[in-house]
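Next up: a single chain in structure tokens, the form predicted on its own.
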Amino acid sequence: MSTWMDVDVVVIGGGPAGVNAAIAAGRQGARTVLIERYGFIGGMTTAALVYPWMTFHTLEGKQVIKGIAQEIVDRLMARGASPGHLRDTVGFVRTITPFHPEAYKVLVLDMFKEAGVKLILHSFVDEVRTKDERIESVILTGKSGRIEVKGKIFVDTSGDADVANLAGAPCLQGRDRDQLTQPMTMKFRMRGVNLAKVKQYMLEHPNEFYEKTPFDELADLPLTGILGFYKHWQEANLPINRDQVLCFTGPEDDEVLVNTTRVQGLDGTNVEDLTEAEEQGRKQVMMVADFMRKSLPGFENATISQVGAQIGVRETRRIDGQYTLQVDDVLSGRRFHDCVARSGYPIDIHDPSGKGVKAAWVRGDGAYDIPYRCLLPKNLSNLLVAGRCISTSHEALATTRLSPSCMATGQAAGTAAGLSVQHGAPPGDLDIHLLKQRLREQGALLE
């Protein structure tokens, strides 16, 4: 095994958090490498078809996430690969942001080159070497054999707190009483959907759809999402522990992304459980697609156009960090002196064992703060985390796990990593006012 590189910042995981972390660190002048296990960028967004991005705004329509995340949307719009922020016709949030995943994969590569970020694909971190509560290097396994990558600052955006866990940082998983996590979902796309017919059916049968659907405006809005078909789902009596159909339109005019399968009781950090989840999820895809084609108005000629490269994972490990964001912090819209990101997404817990989804909305101005301390693990001085594995309770994770929130914490972690290199200080010793100033200069919204 050889040392292939020695850099300033090592980012592990190329999902929404890792993408924004790497770009932010690179833009600070840090020699940055991003390591990703797949042959493409995007994490759950692309590998598991997590689509659309939800949400950049509060329920009242105030934008609370910008920065690099908004830049990505703007540049996708310029390429004709996103319509930008549209009204959510499900009614769960104010806006959603459709995008073309293949265009996103390519755009990110361009942004990496502009920021001087080196990308290493097809590589899996399976060992972390530490000394005196510092990470010295990570070990990659891939086609080139085992490679050691040394760095000054490390950013764990693996989604599963893999690096933090391997390095010995304390981690939590699932809900407190039984460690069960939110269910996994195998998502899939269908083409050949008559969306005009679907919309007309919704307008004629509003009682069969989610109560927050904006029916008074729906006739004049582009259809972006559908939640309901309650009667059809109940009559089908499929062996899936869910109570409705959920799908989102696009990216093509006759296409939907279906988010309806549900795999419960399995651990996304256990390879045997993941294998079982993949099998269950793909069988459920065939079952749900057949039901939709046979039973739902507008889906008569629909066919499966894509299934996720892997099952979508909502929740696994998260760090037990210097501060743990609580559900009351979210729902009260609590402000923190060390806020480095905000979010307006509600609590959205897919029941680990039951059928439903538990939801609760943010009070106050509709947004809450994510403090910098949630990105800092205990016992490791040169590690930051971002995305799904920041320090939260099980309930608070149900909002911070969403892609725009992950983008925002990713930018914060990457900026902090770059500043740490510049000032020769560990992330925990950074001047929070300097970090917040730099984030604002990059367009982040912290008020």
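The structure presented is a predicted model; accordingly, all values stated were derived computationally and were not measured. From 1 onward, residues are counted along the sequence shown.
Omitted here: the form predicted in complex with a small molecule. The next part is about that form.
Here the marked residues 57, 344 and 446 all miss the small molecule in the predicted complex; none has a heavy atom within 4.5 angstroms. With the partner removed from view, the residue among 391, 415, 32, 403 that has a non-hydrogen atom within 4.5 Å of the small molecule in the predicted complex turns out to be 403.
This chain is drawn without the small molecule; in the predicted complex, the residue among 281, 308, 98, 159 with a heavy atom within 4.5 Å of it is 159.
Only one of 266-274, 329-337, 289-297, 117-125 lies within 4.5 Å of the small molecule in the predicted complex by heavy atoms, and it is 117-125. Contact annotation: residue 45 falls within 4.5 Å of the small molecule in the predicted complex, judged by heavy atom distances. The closest non-hydrogen atom of residue 314 lies within 4.5 Å of the small molecule in the predicted complex. At a distance threshold of 4.5 angstroms between non-hydrogen atoms, residue 10 is out of contact with the small molecule in the predicted complex. Using a 4.5 Å cutoff between non-hydrogen atoms, residue 24 does not count as a contact of the small molecule in the predicted complex.
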